[in-house]
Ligand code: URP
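Next up is one chain by itself, shown in structure tokens, the form predicted on its own.
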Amino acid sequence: MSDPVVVRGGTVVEAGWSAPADVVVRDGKVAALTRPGGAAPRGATEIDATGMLVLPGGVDPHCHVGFTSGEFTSLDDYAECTTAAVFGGTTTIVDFAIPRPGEAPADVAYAQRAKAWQGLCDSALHACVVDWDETVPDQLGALVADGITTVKMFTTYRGETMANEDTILRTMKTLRDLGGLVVIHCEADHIIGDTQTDCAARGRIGAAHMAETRPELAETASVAEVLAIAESLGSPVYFVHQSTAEAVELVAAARRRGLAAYTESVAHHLVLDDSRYAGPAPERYVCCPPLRPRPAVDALARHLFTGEITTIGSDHCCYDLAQKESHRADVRAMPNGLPGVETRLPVIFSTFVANAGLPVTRFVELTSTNPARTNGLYPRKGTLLPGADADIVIWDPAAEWQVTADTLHMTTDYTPYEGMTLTGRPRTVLVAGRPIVHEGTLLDPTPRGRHLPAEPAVRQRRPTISA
């Protein structure tokens, strides 16, 4: 048993409320929220949070750790990704186990799950189905029984990870009956393929033309088709990295019709726009879907305030500049993805809480509570109510700082936010009640990561959606 800890003097922020309170921690769990200044348990270590926000640790629902796509593999392992995560205030990541051609989904998921112990914080896992065969139902049954209840599919990347409509339908139907949830990347591959062929013929297939090669219509068309499949089955569905207001609104309309349908957006789609492709290093911003025009970014961000966006992830892919520059003349061969697990919370807080008036309770809802709920991890994660894991972020809402790659901790040599001045960042981060980071210093590098089994969707799949 560990000595108790008391976090004193701060304002505790939950998804639905905030108030001054002290947080009492025993044996890695939140034991109580008490009135400020109350008596501490005997032998307690006291941590001063005066003037700070006290937040549940961030839950990043979308991280790719050591992810291989085509000829490229992202550069971080669990130790490196979770180190960057805790420096940014994220204390739980959800990774993906994506099979290569010929690999079985369950085998890949179990192999990835075995790496969780390397982390400085806990992790959960999305499995992935690419092709349907007679073994898939039993694999899905075993995975759900073992607490891997979310399964990703792609409607693009033909010949590598793309699942056809029949595979999507069968997987949705099977998971519906098991209590699982389909997590889906929606871009219509046939539209993208035709567009890229046309762009290549006109000499517009390099990184500078990334936005042109994957149009907004490809996303909305695919979302509409997947929603139709889900509604025909009554199956829950979660859409990753939605980059347009139109896509978000399609999902919101389905939710109003009674479907359990959820929208994730990611930090770079909410903050950066396609003008980055006109700069001197457009390859640094190549991601799928691509960055959108500023009016589209602003329309998407509006749904943080309307409540139609359920979660914010990072879609963290830790490639370096050498990898990004190697095929800058042809986006079809480039590695898609941006590093972002460390910057997700600071970028969103600064842009929308500090500078646009988003309630800090909504910030917690989007970046911690709802990601925990949609992934079956709540109330263990995503809250500071008694009984939750004591993953606590003491957040300085007034800290001003500049983002530079050389001061971050991700295993890469660049950040898409280079030079941005932000307001707000973690001061102290506790994982299971242990201070891990304080004032930009790593206090405890000991790997104690745990794989988190998720609850089935039928018991745990209704995130709070703001009115």
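Residue positions are given as counts along the sequence shown, with the first one as 1. Everything quoted here is computed from the prediction, not taken from an experiment.
Separately, the form predicted in complex with N-(aminocarbonyl)-beta-alanine exists; it is not shown, and the next lines address it.
> in the predicted complex, does Leu366 have a heavy atom within 4.5 Å of N-(aminocarbonyl)-beta-alanine?
Replying inline: No.
> Would Cys287 show up as a contact with N-(aminocarbonyl)-beta-alanine in the predicted complex if we use heavy atoms at 4.5 Å?
Replying inline: Because a heavy atom of Cys287 falls inside 4.5 Å of N-(aminocarbonyl)-beta-alanine in the predicted complex, the answer is yes.
> Does the 4.5 Å heavy atom contact test between Arg255 and N-(aminocarbonyl)-beta-alanine in the predicted complex come out positive?
Replying inline: No, Arg255 sits far enough from N-(aminocarbonyl)-beta-alanine in the predicted complex that none of its heavy atoms falls within 4.5 Å.
> Contact between Asn336 and N-(aminocarbonyl)-beta-alanine in the predicted complex at 4.5 Å, heavy atoms?
Replying inline: Heavy-atom contact with N-(aminocarbonyl)-beta-alanine at 4.5 Å: present for Asn336.
> in the predicted complex, which of the listed residues (Cys317, Val223, Ala127, Ile168) lies with a heavy atom within 4.5 Å of N-(aminocarbonyl)-beta-alanine?
Replying inline: That would be Cys317.
>> Exactly one residue in Lys173, His209, Lys115, His185 has a non-hydrogen atom within 4.5 Å of N-(aminocarbonyl)-beta-alanine in the predicted complex; which is it?
In response: Contact residue from the list: His185.
> Is it true that Tyr277, His327 and Tyr414 each have at least one non-hydrogen atom within 4.5 Å of N-(aminocarbonyl)-beta-alanine in the predicted complex?
Replying inline: None of them does, since no heavy atom lies within 4.5 Å of the partner.
> Among 138 to 146, 81 to 89, 371 to 379, 309 to 317, which stretch sits within 4.5 Å of N-(aminocarbonyl)-beta-alanine in the predicted complex, heavy atoms only?
Replying inline: Comparing against N-(aminocarbonyl)-beta-alanine in the predicted complex, the contact stretch is 309 to 317.
> Out of 147 to 180, which residues reach within 4.5 Å of N-(aminocarbonyl)-beta-alanine in the predicted complex, heavy atoms considered?
Replying inline: Lys152, Phe154, Tyr157, in sequence order.
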